[in-house]
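Here you get one chain, nothing else, as structure tokens; it is the form predicted on its own.
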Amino acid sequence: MLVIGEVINATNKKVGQAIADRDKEFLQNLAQEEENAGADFLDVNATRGGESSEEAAVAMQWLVGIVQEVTDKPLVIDSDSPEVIKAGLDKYNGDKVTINSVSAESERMEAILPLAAERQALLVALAHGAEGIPDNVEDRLTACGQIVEKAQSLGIKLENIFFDPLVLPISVDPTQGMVTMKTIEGIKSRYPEAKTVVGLSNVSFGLPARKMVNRATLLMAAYAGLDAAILDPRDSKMTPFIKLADLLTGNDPNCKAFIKANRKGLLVE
């Protein structure tokens, strides 16, 4: 299970203020904490809302630069704005980069997919259609198919796409947990070369004991075929579930990673 650290995101009030204040030390400490906690990728989102696209682009370039000063982990350039994503890519100096995200909306595909093709970037692709987030599995898979068709026409390989089936709060609609699981299964069935990813914490919004809900969801999603999760890697009680996900799905040969984690004292009950 690949772990994408979600912490450096301007939608978090403290992080957003740190970006506005150009608080380099605070943000670099977060990056190092995520790396030390075992993150494979670091998601960076510099858009606070309310600023111009030019201001957001400048903030993204600054953020990418200061994070790369303290970590070699590959970054996930995250924004709703294609202009901001492009600014982040222009600043990024690593070989391996991920764009987050594209949907099946035609304007967004036209803006984002050429950037991914040009940089040979990994790509987070949302099961989000032109009319919004479908409430059923088949329409979500249709949105994924539309992205596949356009991406492949530009030479983007399926193995470089991480499909996000979209996790909606089950406090709003209790059926959405299984819609997500079945969408993951459908993606892996139709596009076995592609990968899957979820923003894990969305599932528990509005509920008590949110971290417990997130951990249980991770295991269920792993069984359905989940390859990666966007989460806070600093949650020490999540680490055992990440290791268990690989162990129980046959992705930890000879149980080596699980045993190694135990020796390091990481399997906190």
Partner chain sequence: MTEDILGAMKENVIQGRITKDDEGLEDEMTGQPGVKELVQEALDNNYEPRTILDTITDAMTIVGDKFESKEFFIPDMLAAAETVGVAMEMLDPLLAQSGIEPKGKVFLATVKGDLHDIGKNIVAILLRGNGYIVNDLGNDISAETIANAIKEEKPMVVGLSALLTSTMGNMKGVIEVLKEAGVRDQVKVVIGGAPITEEFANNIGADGYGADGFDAVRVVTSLVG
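Computed from a predicted model, the values in this text were never measured in an experiment. Positions refer to the first chain, counted from 1.
Although it is not shown, the form predicted in complex with the partner chain is what the next lines describe.
Although the partner is absent from the chain shown here, none of I66, Y92 and R234 has a heavy atom within 4.5 Å of the partner chain in the predicted complex. Here the chain stands by itself, but in the predicted complex one stretch of 58 to 66, 30 to 38, 198 to 206, 235 to 243, 198 to 206, has heavy atoms within 4.5 Å of the partner chain.
Distance criterion of 4.5 Å from any heavy atom to the partner chain in the predicted complex singles out P169 from the list P114, G145, P74, P169. Within 4.5 Å of some heavy atom of the partner chain in the predicted complex lies at least one heavy atom of A130. In the predicted complex, the partner chain lies within 4.5 Å of some heavy atom of D80. In the predicted complex, at least one heavy atom of R48 sits within 4.5 Å of a heavy atom of the partner chain.
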